[in-house]
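One chain comes next, on its own, written as structure tokens: the form predicted alone.
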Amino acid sequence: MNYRLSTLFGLGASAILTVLILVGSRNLQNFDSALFGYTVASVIAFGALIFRYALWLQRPATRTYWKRGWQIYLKREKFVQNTGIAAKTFAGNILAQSFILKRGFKRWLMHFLIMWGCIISAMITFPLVFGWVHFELEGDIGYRAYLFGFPLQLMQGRSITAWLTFHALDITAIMVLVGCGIAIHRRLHDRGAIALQQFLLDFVPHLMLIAISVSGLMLTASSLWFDGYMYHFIALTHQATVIMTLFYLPFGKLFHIVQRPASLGVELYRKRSPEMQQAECPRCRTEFSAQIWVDDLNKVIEKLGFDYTLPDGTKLQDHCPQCKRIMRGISYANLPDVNEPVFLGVRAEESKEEVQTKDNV
């Protein structure tokens, strides 16, 4: 792993985001100093996120398929078709999470609510934190939003648009709470999940999201119904939970949110494979996969330090799945005997009568 290069990428990303904050907020003219803690945490977390992503791309399998996906996508003669495939896959697998729907509606609803709750919250929160978006009161009942310092349409304070705008984070918080509730219920009752789950990996992310959502809703409740009672304490608590989650994001389970879009390249690679030269199994002469896919697999396995070269000079990966199973079965059948053959603790030369006598004793 080249930590130096990844570190440089991370520092560069933090520097670029800092410049964008300065430019987007008109040299901090539209920046809210009360959100300074969120801003610093966001800059650090963004750099850590790029650092982790750069490390992830250095893995042999990730680097190989990431590069191959871009090579296939950027082919001039197939660019339009590749764009269509990528857009369809992005809409289905990323935006709609349709691949999870095959595992059950409840599980899909859980992922959908958490994902879109977090995405919409981020799209609202970060521009506000960075000073890219701010609101100013104009007249007695009107608010005008400003994007990068440029004025947008005036909103009436009591309109539906204004209510949805100012309560959007409350709506997304409820979405996240429902999704996390379904997730925790599943992890407490599903036997398959119970057997594999870990507290730090599977429960902590949901508990963090719940803490953020609940504290955010408490801020709204305090300001609307309790005359600001304990607002400062709740705000500090909310800020602490958000910062902890931002620092957890690059190194915990939530990092798969950043990894997931890379699957578009693998999916494009898979769909384009039938059009490429096919690999022929050296044992049964059956075409089973694209030759470029088999070659990439061999390179990755070699870089990982494994060698599956067979006595005839071919590699195990060069064979089709059916021949692999047959060859594995033949290898098991030809394993050398150790001392005398034993079956269930009984020597082969013992008669049934002797075995029955021993059982009776």
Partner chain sequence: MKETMFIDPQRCIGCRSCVAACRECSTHKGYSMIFVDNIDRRESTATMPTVCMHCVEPTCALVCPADAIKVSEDGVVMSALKPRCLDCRNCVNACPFGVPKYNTEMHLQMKCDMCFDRTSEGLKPMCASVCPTGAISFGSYEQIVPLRRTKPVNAHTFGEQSVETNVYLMLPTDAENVEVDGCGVFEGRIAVDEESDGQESWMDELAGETNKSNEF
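Numbering follows the first chain given and starts at 1. Since the structure is predicted, the reported quantities are computational estimates derived from the model, not experimental observations. What we label the rigid core is the largest C-alpha set whose atoms superpose within 1.5 Å from one form to the other.
Beyond the structure shown, there is the form predicted in complex with its partner chain, which is absent from this document and is the topic of what follows.
Of the stretches 69-77, 119-127, 145-153, 258-266, only 258-266 has residues with a heavy atom within 4.5 Å of its partner chain in the predicted complex. A heavy atom within 4.5 Å of its partner chain in the predicted complex is found for exactly one of 93, 291, 215, 165: 93. 326 is the sole member of 40, 34, 326, 28 with a non-hydrogen atom within 4.5 Å of its partner chain in the predicted complex. When its partner chain is considered in the predicted complex, residue 286 lines it closely, a heavy atom lying within 4.5 Å. A residue is said to contact a partner when one of its heavy atoms sits within 4.5 Å of a partner heavy atom; residue 205 fails this definition for its partner chain in the predicted complex, lying far away. Contact between residue 46 and its partner chain in the predicted complex is not found at the 4.5 Å heavy atom cutoff.
At least one heavy atom of residue 107 is located within 4.5 Å of its partner chain in the predicted complex. Of all the residues from 84-108, those having a non-hydrogen atom no more than 4.5 Å from its partner chain in the predicted complex are 93, 99, 102, 103, 107. With a cut-off of 2 Å and the rigid core superposed, residue 29 has a Cα displacement that falls short of the cut-off between this form and the one not shown. Core-aligned CA deviation for residue 331 between this form and the one not shown: 2 Å or greater.
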